[in-house]
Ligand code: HEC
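Shown next as structure tokens: one chain only, the form predicted alone.
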């Protein structure tokens, strides 16, 4: 065997190895989904079906993992969220701000130890993410401060037609915040059935009633 043959044989083997079919890339999304299904079970009112993502959650999960959300997709998700919003059945947007403050302070609800999944048993847990009143010394900062929310927006009479745009905006934000931001981290209180219509009205009053401590 001459030197050319000696060199050519291992070189050919190397080239053939380079052309071999690579190992398929694992489907990490599927593996993660299976791991989640295997790790949770139904317990009390908390069911494993909570792991099932809707289209918005699935898209936003991928975006959070580093895959940019295309502008057209973001717009379509916002439009779908806006269509999901149901305005008050009787046209009345505001309830009792005192009850709204109780909801804002409460983080209870939807855990496996609760006896009922009814919205009336849930709180809003608003202080976990927002400052709401000047008297509060401990509050979350994930979301913006809501102190003087109505006053800063010129809402002196929530029933006035002049206030209608901000009133409807606020209701929509509470009902399904993804109508304005496709991947908003704010709970979709109305859309997800976390709070009922009466509770939403009470939170609205907390934010917009001039007599509420929010606006003092």
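If you're wondering where the values come from, they're calculated on a predicted model, not measured in any experiment. Residue numbers count along the first chain shown, from 1.
The next section is about a form of this same protein that is not shown, the form predicted in complex with this ligand.
Screening 61-69, 35-43, 157-165, 177-185 for residues having heavy atoms within 4.5 Å of this ligand in the model of the complex returns a single hit, 177-185. This ligand is not shown here, but in the model of the complex it comes within 4.5 Å of a heavy atom of residue 144. Although the partner is absent from this view, residue 205 stays clear of this ligand in the model of the complex, with no non-hydrogen atom inside 4.5 angstroms. A residue is said to contact a partner when one of its heavy atoms sits within 4.5 Å of a partner heavy atom; residue 110 fails this definition for this ligand in the model of the complex, lying far away. Taking the partner from the other structure, this ligand in the model of the complex has a heavy atom within 4.5 Å of a heavy atom of residue 129. Taking a 4.5 Å heavy atom cutoff to this ligand in the model of the complex, the contact residue among 125, 133, 84, 78 is 125. Scanning 153-182 for heavy atoms within 4.5 Å of this ligand in the model of the complex gives 153, 169, 170, 173, 174, 177, 181 in sequence order.
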